[in-house]
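Shown here is one chain on its own, the form predicted alone, set out as structure tokens.
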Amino acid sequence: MSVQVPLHNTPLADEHVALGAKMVGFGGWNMPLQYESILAEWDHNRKTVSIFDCSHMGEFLIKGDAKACGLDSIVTQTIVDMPVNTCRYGAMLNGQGGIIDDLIVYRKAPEDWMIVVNAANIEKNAQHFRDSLNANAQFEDASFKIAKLDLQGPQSRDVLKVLAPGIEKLSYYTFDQFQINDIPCLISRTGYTGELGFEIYCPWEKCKEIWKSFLAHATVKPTGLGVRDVLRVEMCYSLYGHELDESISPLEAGLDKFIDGKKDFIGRQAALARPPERSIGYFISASRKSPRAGNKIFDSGEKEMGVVTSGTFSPALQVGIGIGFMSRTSKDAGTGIFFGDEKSKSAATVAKRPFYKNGSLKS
């Protein structure tokens, strides 16, 4: 008999229900899938501004010298040279070179750090940090103390600067401390939709007040997990559980530029030991038919050569798009391939990333 595990709620669970959101279990959390149609939410994000409840993400607070406390050995990226108030994307690996998780490092002060990790991996990641840091580090899992709201879209800066004056100074992958309604918030500018975007980290118990302040703005609409997945696939961004997991090496996953091969880190030797036989690739369907995770990928001679990890219909391109692992010899842009199974195959063409090229991300 299966045991049903209760889902965690974010501080906004009742707000989502009251707004008519369709709820779904995701990574151990009860989350809004969508409020309107996926197409309507996509259109609003690409043209104006949307707000996402991302309070399910994990936040770890660490104090200590990055090298002396062991933090530097956990992350694949260089972090010791990070200026204060900057963010940096990277990953952490297991001893076999597989990806435990991808993450973003925030440097709040010379020896004050915040690490943002994926929701489904919070417990596993926290244990990895505790096991890997030494007595020179102070570690706190603050995932249920810090809530996270993401304001995304070309008009996000115009909306946010009214509530948090001064955010105009934030450049890409930087952050600072601000006040919203006299509530202290850490606000960063990274984004994952391809549009200009800001992340608002606030006290868990104050999240609802800030959420309502944003929704009081005429142009801001709440947006769910469904369209977020479409937006990230259009940008060719990887998602843990699809393009990333503990059986996948960072070289297979295309994370080469987020690895500092000159420093020592957990899993380095195993990850860099040999070139992978496959790596992540991107393709565009010849029709509106969308690939699905688990579909096989075939070369032009219909010989199996890979597997789809993510796929969706792209409102921007009006065709299906996909991400998947492919033979490294079959990834040249313009190469004809197929996706599907032995009984039904659909034509596609290998493409360069990203699929969506008109975003406001760095504007």
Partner chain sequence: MEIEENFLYTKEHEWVSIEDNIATMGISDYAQEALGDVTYVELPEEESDVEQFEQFVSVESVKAASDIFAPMAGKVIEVNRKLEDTPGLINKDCYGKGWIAKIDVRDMDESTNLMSAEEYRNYLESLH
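Residue numbers count along the first chain shown, from 1. Please read all numbers here as calculations on a predicted model, not as lab measurements.
Beyond what is shown, the protein has a form predicted together with the partner chain; the following relates to that form.
- Contact with the partner chain in the predicted complex holds for none of L251, R274 and F325, as no heavy atom of theirs lies within 4.5 Å.
- Here the chain stands alone, but in the predicted complex its contact with the partner chain, taken as any heavy atom within 4.5 Å, falls in 30-38 among 63-71, 30-38, 46-54, 296-304.
- Checked against the partner chain in the predicted complex, the residues K169, K257, K262, R288 give one hit for a heavy atom within 4.5 Å, which is R288.
- Though the partner chain is absent from this view, in the predicted complex it lies within 4.5 Å of a heavy atom of just one residue from K145, R292, K206, K124, which is R292.
- In the predicted complex, at least one heavy atom of K22 sits within 4.5 Å of a heavy atom of the partner chain.
- Among residues of the shown chain, F338 is not one whose heavy atoms approach the partner chain to within 4.5 Å in the predicted complex.
- Within this chain, V230 lines the site of the partner chain in the predicted complex, having a heavy atom no more than 4.5 Å away.
- When contacts are judged by a 4.5 Å heavy atom cut-off, G97 does not count as touching the partner chain in the predicted complex.
- Residue G226 is the only one in 198-227 with at least one heavy atom within 4.5 Å of the partner chain in the predicted complex.
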